[in-house]
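Shown here is one chain on its own, the form predicted alone, set out as structure tokens.
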């Protein structure tokens, strides 16, 4: 029998299709849950509206709400290993990576707890006989739609600020990975978050996601996922004049100048594209290398790539696990075949690994492709897998023209000893995040946003709390005589 889901504060069997979590390392079933139906969406939203309007939650003092978020963080930390193992089973990430993601989730709840209890309203400069103020109130019921590649961290990055702001949240996890989201819902209840404030509704995005977004009582949506889906959500939200946060796809450039520390750059490039098995929106999938060091750098990169430990996600030594599904691996294979047809040369990888039980899972070898231009398919379209295309450049202007020649603008890595060059080039690159002599470093205290087709709005940072709120202005009359206009 499929496990229940969290609907309006109660654990119930959803009335929709069963959602199955498949372990990508061997194809075994990790769990089955009774997915939500449109009627379940209606019930969850109705409960959310009622719970969010209850004075016990609506008027809760900030330090008391913060205490609940701190308790959520404490429980996550207490169950750190169990949650890390559950995340590993849900999407096949190596255990060392899922442990880091669980720690990140706990930190996110702590950060927004602190942001909640220290956030201030503002007395604005008066321009007449009144006292003027700017205050902030919850958006209401928030739809939080999360991806399968890092669900425990992504769920926390939406749940924590939305709850800190005083909202109710309908969390819709990706179809591949329902298990961690349901466990976070359980933790929220145990921590004292009122019933109905958090519902977790697994199900198909085209059915359940759309039903949540289009519900008239849902007043905001925060989505992380593919650009095509994000654009569809933006259209639905526009029909409701509903605010959105959209963190979408990427085709991030990583740049190596001729003065870079080569060993640092090689390791950084490899980490940027092959960690998470390439299944990351900020993966450094376009590698631009100064022509003066291009051949030598690729030789070092290929040699280091061959040493990566691809294997069992349960093994602490594993650096790269499987892809999320057989279908996703087939999509990656089709891109590599397309690269070959366009004249590309696979320098390493380009195939499924064999032996050691790889045949039972959805593995694909880390792959470096040379011999193409930035106009090629694999340089322009998001593959979302362990495939990097290497491209030479001649001078800063050529580099910037190529790096910015993309519909995406999510992140960029840059390797150089020259801090003036790093600043100069970094300011000209069209991306929401710039890493200089590092890659894939994140802080919950630093905003994260995409440019162009990589998204809209920002997550994280102290002001990330305000993204889940509405601003209201107050004017307090101080005049001693009646308003003269009416005389």
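Positions refer to the first chain, counted from 1. None of these values were measured; they are calculated from a predicted model.
From this point on, the text means the form predicted together with a small molecule, which you will not see here.
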| query | finding |
| --- | --- |
| Touches the small molecule in the predicted bound form: residue 226 (any heavy atom, 4.5 Å) | yes |
| Residue contact check: residue 416 to the small molecule in the predicted bound form, 4.5 Å heavy atom | no |
| Residue 93, heavy atom within 4.5 angstroms of the small molecule in the predicted bound form | no |
| 4.5 Å heavy atom contact, residue 149 to the small molecule in the predicted bound form | yes |
| Contacting member of 378, 174, 182, 153, with respect to the small molecule in the predicted bound form [4.5 Å, heavy atom] | 174 |
| Proximity to the small molecule in the predicted bound form, single hit among 250, 178, 321, 386 (heavy atom within 4.5 Å) | 250 |
| One stretch from 298 to 306, 396 to 404, 217 to 225, 284 to 292 that, in the predicted bound form, holds residues within 4.5 Å of the small molecule by heavy atom | 217 to 225 |
| Heavy atom distance at most 4.5 Å to the small molecule in the predicted bound form, all of 213, 233 and 448 | yes |
